[in-house]
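Shown next as structure tokens: one chain only, the form predicted alone.
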Amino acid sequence: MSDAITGLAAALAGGQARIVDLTHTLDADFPVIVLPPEFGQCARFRMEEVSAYDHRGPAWKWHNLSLNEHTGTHFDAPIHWISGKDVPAGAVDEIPVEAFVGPVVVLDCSDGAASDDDFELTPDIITAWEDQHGKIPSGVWVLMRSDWSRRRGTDYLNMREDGPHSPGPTPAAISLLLERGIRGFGTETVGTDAGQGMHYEPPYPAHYLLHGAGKYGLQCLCNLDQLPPTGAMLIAPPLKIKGGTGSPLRVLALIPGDIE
């Protein structure tokens, strides 16, 4: 075993590093994105009991599952969006596994999102973060902390007559992050875009620009308040679905053990 792997194992065992779960529990009540009625809809999670140590299977318990690729805490592959449909290795089963483990930058937008449901992540916020922590390096996951994951039920989607209202990035913010060479972008909301992201140019800029550039998305994250601005490592492998556009997954972060 290499010194690096041995050191990581020792740090985890000794408490110098710890694991934070960034994943919501997946059940039938977890909200999913709602599209205009003329479009197809994302299916909620369903779990059907097959047997439970009974006449249907005396020594085992198991379930059949039914869900959309983009239900719950989930991963977006490039082919999820029209701009990424021709990106090489754009499906979840084709993405190199090295892409699923990488460093994390957290942009704390929680104060703004607390006072404005439509709070925007802008280039000014990104450059202000860089003035304090240094330029965002290439190859990182950038996560937008909004504390939106603390909401429940109808408050999570926050639907109004004109559609959902939730925080997200502007097109210019995503363009700046792509200039930095990020690996992907993640949020605590039901999508990587703002709830009113259809009004930007291009519409839904996080999806359109990220996936067109061959980058990845994570959404419905939680516990981002437990991560430092820099220094964490993200582990986010989706299910290996042939031709998959995305996948529910268990997102974990490794952080220094002395961070509370």
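So that there is no doubt, residue numbering starts at 1 and follows the sequence shown. Keep in mind that this is a model prediction, so the values were computed, not measured.
What comes next is about the form predicted together with oxo(2-sulfanylphenyl)acetic acid, which is not displayed.
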Worksheet item: Okay, which stretch from 71-79, 167-175, 151-159, 86-94 lines oxo(2-sulfanylphenyl)acetic acid in the predicted bound form, with non-hydrogen atoms inside 4.5 Å?
Response: 71-79
Worksheet item: Do V190 and oxo(2-sulfanylphenyl)acetic acid share at least one heavy atom pair within 4.5 Å in the predicted bound form?
Response: yes
Worksheet item: At the 4.5 Å heavy atom threshold, is Y204 in contact with oxo(2-sulfanylphenyl)acetic acid in the predicted bound form?
Response: yes
Worksheet item: Is A28 close enough to oxo(2-sulfanylphenyl)acetic acid in the predicted bound form to count, meaning some heavy atom within 4.5 Å?
Response: no
Worksheet item: Can L35 be called a contact residue for oxo(2-sulfanylphenyl)acetic acid in the predicted bound form at 4.5 Å between heavy atoms?
Response: yes
